[in-house]
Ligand code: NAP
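Presented below, as C-alpha cells, is a lone chain in the form predicted on its own.
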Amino acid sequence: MKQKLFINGEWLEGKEFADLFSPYSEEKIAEIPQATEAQVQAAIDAAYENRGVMANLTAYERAEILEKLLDLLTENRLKAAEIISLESAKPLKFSLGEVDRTIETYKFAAEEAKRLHGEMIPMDAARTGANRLAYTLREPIGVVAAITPFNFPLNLVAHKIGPAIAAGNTVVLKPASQTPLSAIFIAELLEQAGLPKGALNLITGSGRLVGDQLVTSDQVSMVTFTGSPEVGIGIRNKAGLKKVALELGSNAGLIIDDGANFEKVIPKCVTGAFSNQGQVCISVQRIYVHENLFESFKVKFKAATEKLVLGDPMNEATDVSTLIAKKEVERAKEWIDEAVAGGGKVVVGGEVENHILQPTILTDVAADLKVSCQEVFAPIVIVNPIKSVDEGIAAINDSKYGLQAGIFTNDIETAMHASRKLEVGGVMINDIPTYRVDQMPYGGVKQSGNAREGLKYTIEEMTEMKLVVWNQE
C-alpha cells in the first residue's frame, strides 16, 4: 500500500517510493514516499507559518487535543501494536506494552500543558531592586524538528510531538525509515483529534536529505533527535545556534552485590537484556556479579534465558524475534565471534536460528571487545565476576557512554555510594538500568546525550523563558 506525506494538514503523494519490508517475514508491507527537497521545505514552511496558530491555543485547548488523541489511541490499541510488530519485528506482547506507555505519555503531555508556568522573581533581594515586580513566562520555541528511531516507533515519537504540542509548538517529524507506519498512524489520529493544520508535518525519505535540510534550516528553532552518537554529533555540528536535544546510545551496566535476592534479580535481568531483542538504549548489556554469587547466578540466568520463546513477532507467545535488519544480525554474530576469539565464553546462545539471533550470555569478556565497550543493540549480555562493588563501578564508568546504570544491594550505604560514584544520568537502586517510566527525567552524560526527556523536562527544553520586570515607582 502506498503511503503519503502529511504536509499542512493534507495527505500528499510522493514522486518516488521505497519498498518497506517486514524484518521477520521479509514480505513487502508498504511503499514509503521519498520526500524531495521541495516537499521538505513545504513541510518546514507549513510549520513556520502556523506557529502563531499553535501559540494562540489556550492550555485547555492543547490539553484537549492530546486527551482526544490518547482516547483514539486507546480505542485502536491492538491495531497500533500490530503496526509496530509488523514494521519492527518487536514481539506483540512488547508492542502492546509500548502502546500502553504511549497512551500514558500523551496523558502526561496533556496534564503538563496545563502546568506550564513561569515564576516570580524577588527583585527587592537586590540593592537596586526595590519597587519592582518581576516574573518569567514560558513561550513556545516555534518549529521543532523531530527525528526518531526504530526501536520505540510509537512512544519515542510521543516523547517529541507530545511535549511540542503541549508547549504550543509546531513540528516537522522525520520517523526512522524502517518504522514510518506507526508515525503515519499517529498523524492520522492527531488529524481526527483536531490538531490545527500545519501543526504536525510528517515527511519520510532519505535521512541524509531530510535530516540535513531540517537541521540547517533557519526556520527551525529546535532539533530533537534520538539515535546514534555519530549522527547526533553531526547534527549538533550543523545546527548552529538552534537548540539541539540529543538522546544517544549506551552500554548499560548492572552491579549485583553479595547477598542480592536471585528470585528478584534473574527475571529482571532476562527482561532487561532480551526484551525487544536487546534493541533498547538502556538494555542490560554488562552485568558485574560479586564473585561469591557468580557461578550460581550464571547457572540460574542461563536456565531462565533458555525458557524464552523465539519466533514470529505477531504471535503473543513470542519473547524474541529477529533484529531490525539482516545486516544487524550479521554484525551482532560477528561481535559474538570476536568476543569468543578474544577469550570470552558462550554460556548460552551465540547462534542464528531461522534468521533470529539466539539470546546470548557471554562471560570472561575483556573490556575492550565490542560487545563490552560499544553499544551492542542485540540480545547479547556479558556477565563478569567482581571482587567488590567499587570494581563494578569502575567497570561501568570505563565507558564513553553514561545513560543509566543499576545496582542490586541490601546495604543502604553501598547504594548511596554507588548513586554518587556512577557516571550516568540515572541510577536505579535494586532494579535494572532498563527501568523507565515516561514522566521521569531520562537522559545521559558523556556520549549518551545532552538533554532530558520526560514530559515536564522536555517542555522546558521546548520553550523560551521571557523575563518581565515592572517598575512600580
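Residue indices: 1-based, along the sequence shown. All figures in this text were calculated on a predicted structure; none of them were measured in a lab.
Unshown form predicted together with the ligand; subsequent notes refer to it.
Enquirer: Using heavy atoms and a 4.5 Å limit, would one call residue 129 a contact residue for the ligand in the model of the complex?
Expert: Looking in the model of the complex, residue contacts with the ligand do not include residue 129, since no heavy atom lies within 4.5 Å.
Enquirer: Given that the ligand is not shown alongside this chain, does residue 174 nevertheless sit within 4.5 Å of it in the model of the complex, heavy atom to heavy atom?
Expert: Residue-level check for residue 174: yes, a contact with the ligand.
Enquirer: Are any of the heavy atoms in residue 442 no more than 4.5 Å from a heavy atom of the ligand in the model of the complex?
Expert: Yes, residue 442 lies within 4.5 Å of the ligand in the model of the complex.
Enquirer: So in the model of the complex, does residue 91 come within 4.5 Å of the ligand, heavy atom to heavy atom?
Expert: Output for residue 91 is no: heavy atoms all beyond 4.5 Å of the ligand.
Enquirer: In the model of the complex, which of the stretches 255-263, 81-89, 141-149, 284-292 has residues with heavy atoms within 4.5 Å of the ligand?
Expert: Among the listed stretches, the partner-contacting one is 141-149.
Enquirer: Among 95, 182, 170, 250, which has at least one heavy atom within 4.5 Å of the ligand in the model of the complex?
Expert: By the 4.5 Å heavy-atom cutoff, the listed residue in contact is 250.
Enquirer: Exactly one residue in 155, 226, 305, 321 has a non-hydrogen atom within 4.5 Å of the ligand in the model of the complex; which is it?
Expert: Checking each option against the ligand in the model of the complex, the one that comes within 4.5 Å is 226.
Enquirer: What residues in 363-400 sit within 4.5 Å of the ligand in the model of the complex, counting heavy atoms only?
Expert: Read in sequence order, the residues that approach the ligand (within 4.5 Å, in the model of the complex) are 375, 377.
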